[in-house]
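One chain comes next, on its own, written as structure tokens: the form predicted on its own.
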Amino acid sequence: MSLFPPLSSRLKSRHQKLLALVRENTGRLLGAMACMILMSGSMAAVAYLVEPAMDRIFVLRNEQALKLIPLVVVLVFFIRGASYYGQEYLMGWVGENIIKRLRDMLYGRMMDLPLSFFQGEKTGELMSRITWDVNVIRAMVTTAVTSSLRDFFSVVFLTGIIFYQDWKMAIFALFILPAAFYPIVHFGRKVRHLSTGCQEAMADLNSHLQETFTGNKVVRAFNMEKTEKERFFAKTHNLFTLSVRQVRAKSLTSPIMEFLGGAGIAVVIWYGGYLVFKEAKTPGQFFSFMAAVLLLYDPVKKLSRLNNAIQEGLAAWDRIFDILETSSEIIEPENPEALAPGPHTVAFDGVSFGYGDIQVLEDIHFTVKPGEVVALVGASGGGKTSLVNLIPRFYDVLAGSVTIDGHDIRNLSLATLRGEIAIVTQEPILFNDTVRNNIAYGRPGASEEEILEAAKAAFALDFVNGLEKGFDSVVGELGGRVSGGEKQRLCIARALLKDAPILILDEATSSLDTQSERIVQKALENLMAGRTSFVIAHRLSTVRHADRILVVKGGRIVEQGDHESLLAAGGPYARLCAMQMEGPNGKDDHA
């Protein structure tokens, strides 16, 4: 069964998708609706029971009514309580389920977007979309759907009661309601605008927290604690200002509704009292009518708060949908080509690449044969990392092609392509998990023996065994509980265990001291054996034994050959070597 079909035709496409998430829970929604009908009906019954309670018990002193009516009241309130529980539980389940789905959709979409997306967004803001904005939508879903249905049925039942009792007096009571919708609409627009501002301010605050917590060592080293505190205080003040303005807009709707409701009740008292004086109504009939009107105005007043919740939720949904609608320039092929297992030949044919209007690589041509080790050297910013990032399709070429065994990588599925590649970066990334799970990250089903062998080949076994819990030791956030060299060896073990035929080493030893570098270099030699390897290195001493060295400058390959031939040529590579040999003692400068 489909709920709210007329409403969906009036909503934006993205809002219809939110409504579609609600519709997926139709069964529980129908159960909640049944509970709401019972709850609203019990509310109307309470108003109706005022007349027989007053007239038969207090005026006519009917003993039978004295025994029966209290029992009926108890039954009505029991039904009301049970239906309230059923409605709250079922709608709470629906709300939490929708939020889980939204979080899954949002995180799944983010994980499918290319690196360029994350480079253009703040980490804290992306986290805010999944946490803060989604929680706002939960409030909208649970409050809006629950309140709208419950209050709708309450209004229907109570309106029926007052028209049944006296249609003329009912018209007097209801004439004021149309005027109540103006403040709801007016202040609802303001609340939505301010809610968007609050959500953006909270995202900015999260981003600041993430940056300063991650970079806390730098903050302290440069004595910037005071400055960062002042920046944080400024951001919280901005959030405070927007929140207060939002509270003011939300708070104004209720007093206006209260005043309009009071005006309607005053009319009822005046007209109803006049009829009682004329003996056209009994006191019981009047108070029963009055109780129904009082109960009727309550759900009408709630419309203002309901509208505020809807406006806040729609603002959050728009921010979330901005991510869900973000398209990726990395397109999966509809009919991906198969790639044979084993060693691979990787070729760059006329490749050009850039970030926006900035040209980074231009007309790159070279081929790497199976098992060959190719080193990329050159000054920072020359395009070395951008070049190797094209192989796993972190970015796509603007011109030319990158091929593996003659297959354009754009014709391979991303899973197939990246399954053939292992990467070790300058910044070793470990997760807040055990040593075992970090090594087995690319092969969750790896055996204990395979994990042990990978650690041994990466020269990590001795230090791992020295940890308090060995392979079950948790390395901390970003591997903060182990040293830089130890982190790098765990990353090498991870790459070894993946056993991919193509290997990318992006300055894997540049941040290490000499002793750590020697150990890691031995591990890297084990890792590169038999693999098609791309090695980016700042320290030229680490690439002397490469099969071929490519010198990258200004986005072009300006020189290539082995170490000895390039030194003999006296070109850019020879000059780079000379610069690094100009240490304070005339020795190789690794700093």
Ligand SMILES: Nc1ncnc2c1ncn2[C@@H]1O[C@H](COP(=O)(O)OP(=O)(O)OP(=O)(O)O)[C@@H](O)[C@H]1O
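Note that this is a predicted model, so its numbers are computed, not measured. Just count from 1 along the sequence shown to find any residue number.
This protein has a second form, the form predicted in complex with this ligand, left out of what is shown; the following refers to that one.
Peer 1: Hey, in the predicted bound form, is K384 touching this ligand, heavy atoms inside 4.5 Å?
Peer 2: Yes, K384 lies within 4.5 Å of this ligand in the predicted bound form.
Peer 1: May I ask you to state whether Q426 is within 4.5 Å of this ligand in the predicted bound form, using heavy atom distances?
Peer 2: Heavy-atom contact with this ligand at 4.5 Å: present for Q426.
Peer 1: Closest heavy atom of L324 to this ligand in the predicted bound form, within 4.5 Å or not?
Peer 2: Result no; L324 lies far from this ligand in the predicted bound form.
Peer 1: Does any heavy atom of A379 come within 4.5 Å of a heavy atom of this ligand in the predicted bound form?
Peer 2: Judged by the heavy-atom cut-off of 4.5 Å, A379 is in contact with this ligand in the predicted bound form.
Peer 1: If the cut-off is 4.5 angstroms on heavy atoms, which of these, W132, F463, F471, Y395, is the one near this ligand in the predicted bound form?
Peer 2: Checking each option against this ligand in the predicted bound form, the one that comes within 4.5 Å is Y395.
Peer 1: Among the candidate residues R531, H563, H538, R56, which is the single one with a non-hydrogen atom no more than 4.5 Å from this ligand in the predicted bound form?
Peer 2: If I apply the 4.5 Å criterion carefully, the residue I get is H538.
Peer 1: Only one of 327-335, 478-486, 355-363, 101-109 has heavy atoms within 4.5 Å of this ligand in the predicted bound form; I'd like to know which.
Peer 2: This holds for exactly one stretch, 355-363.
Peer 1: Going through 109-125 from first to last, which residues have a non-hydrogen atom within 4.5 Å of this ligand in the predicted bound form?
Peer 2: If the 4.5 Å heavy-atom criterion is applied to this ligand in the predicted bound form, 109-125 yields only Q119.
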